[in-house]
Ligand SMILES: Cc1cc2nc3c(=O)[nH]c(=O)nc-3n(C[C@H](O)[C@H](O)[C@H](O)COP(=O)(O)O)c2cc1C
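Consider the single chain below, provided in C-alpha cells and representing the form predicted alone.
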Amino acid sequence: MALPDILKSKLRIPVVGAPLFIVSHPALVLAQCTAGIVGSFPALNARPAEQLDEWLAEITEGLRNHDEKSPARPAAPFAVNQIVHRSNKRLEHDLTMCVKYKVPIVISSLGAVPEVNEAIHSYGGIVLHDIINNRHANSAIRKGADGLIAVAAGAGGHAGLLSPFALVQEIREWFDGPLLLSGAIATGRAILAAQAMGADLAYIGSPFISTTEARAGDDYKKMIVDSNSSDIVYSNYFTGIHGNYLKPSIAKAGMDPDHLPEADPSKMDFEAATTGAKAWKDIWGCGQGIAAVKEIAPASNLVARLEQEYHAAKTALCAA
C-alpha cells in the first residue's frame, strides 16, 4: 500500500524524529520539520498541562510562517506522542488539544485505544502506534491505528529485544500499510537498510538529543558524543518497562549499572517520571547507535548529514 501523502510529500529523507521524553520541545520540533523530516514531541513534555495549548500554537504558527517564506521548500508535518497508559491522567485533555489544532500525526504508545484513533481520524489525522512485537502490532491495527512503529532491539528509551530483521519480516507477512523502524538508526546507510528490510521510514531519536535545539543538559549531550554501544544498559528498574539507558548516567546517580534489580511492571508511572522518579531526568535514555554521533550541532546539520549519507549509500549500492 502506498504511503499517505503526509508521510512522503514534504520529506527530504524518509525519517521521523522520535519523540524524546523531557528533551523534545517546540524549538527542536520546528528545527526538524523545517529541515525536512517529521518532528515530534511527547504531549507530557508540556507542563503544566495548559502549556500544551501554547506549544501547539507555537509550532503551528512557526510552520505556517516558514511555508510562507519558503514556498519552494515547505516544512514537513509534525507529530505529538500520546502515552495511552492508565498512569497518564492527562490523556483526555491532551487529546482534546490535538483535535483543536488538528495535529497531523499522533504517535500512540503503551496502549492501543480505539477512541484515541477515532478522535484523530475525526479531522483527517493519522495515528502511528509503536510496538515491540507482532502480537502488539496486530492489536494496534485491529483497534484502528493507521500505521506501526516497530521498536526493535537497540532503540533508545523503552525498547524491545527483537531483531529488526525478525520484527519487520513478521509484520510484513500480514500488514502492507505504513511501517516505521526504530532501533540504533543513526546514519544514512542505516535509513536505507531499514527500507531494504521492508520499512517505509526510519524512526530516529537518540542522535537528536545532542543537537543544539534539544532540551537536554550539556552533560547529557556530551555523554552521548563520548559514548558508544558498550555504554548502554537495558533495564526495567527505572520505570517498570524495559528500556535502554546510558551507563555513565546510572553510575553518576550512585547506582551500579551492571547489577540493577528488577522492577515491578505494575508500578509503572510514566507521568511521575518527570517529577519524583530518576528516570529520564537523571537516568538518561539512549539507543545503541550513538557511536555515529560525533558532535553537538544544530538539528539541520544532522539532517543534512543523514541526507548526504543516505543518497551516497543508494548510489554505492546501485553501482555494486
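Because the structure is a prediction, the values reported are computed rather than measured. Throughout, we count residues from 1 along the sequence that is shown.
From this point on, the text means the form predicted in complex with this ligand, which you will not see here.
Enquirer: May I ask you to choose, among Ala194, Ala145, Ile209, Val106, the residue with a heavy atom within 4.5 Å of this ligand in the predicted complex?
Expert: None of the others qualify; the residue that does is Ile209.
Enquirer: Quick one: does Gly154 come within 4.5 Å of this ligand in the predicted complex, counting heavy atoms only?
Expert: Although this ligand is absent here, Gly154 would touch it in the predicted complex, with heavy atoms inside 4.5 Å.
Enquirer: Closest heavy atom of Tyr220 to this ligand in the predicted complex, within 4.5 Å or not?
Expert: Tyr220: contacts this ligand in the predicted complex.
Enquirer: Could you tell me if Ser182 has a non-hydrogen atom within 4.5 Å of this ligand in the predicted complex?
Expert: Flag for Ser182 set to yes.
Enquirer: So, in the predicted complex, is Gly285 in contact with this ligand at a 4.5 angstroms heavy atom limit?
Expert: The answer is yes: Gly285 has a heavy atom within 4.5 Å of this ligand.
Enquirer: Considering this ligand in the predicted complex, find the one stretch among 87-95, 197-205, 172-180, 111-119 with heavy atoms no farther than 4.5 Å from it.
Expert: One stretch meets the cut-off, namely 197-205.
Enquirer: For a quick check, can you give me the residues of 2-38 that have a heavy atom within 4.5 Å of this ligand in the predicted complex?
Expert: Stretch hits, in order: Ala18, Pro19, Leu20, Phe21.
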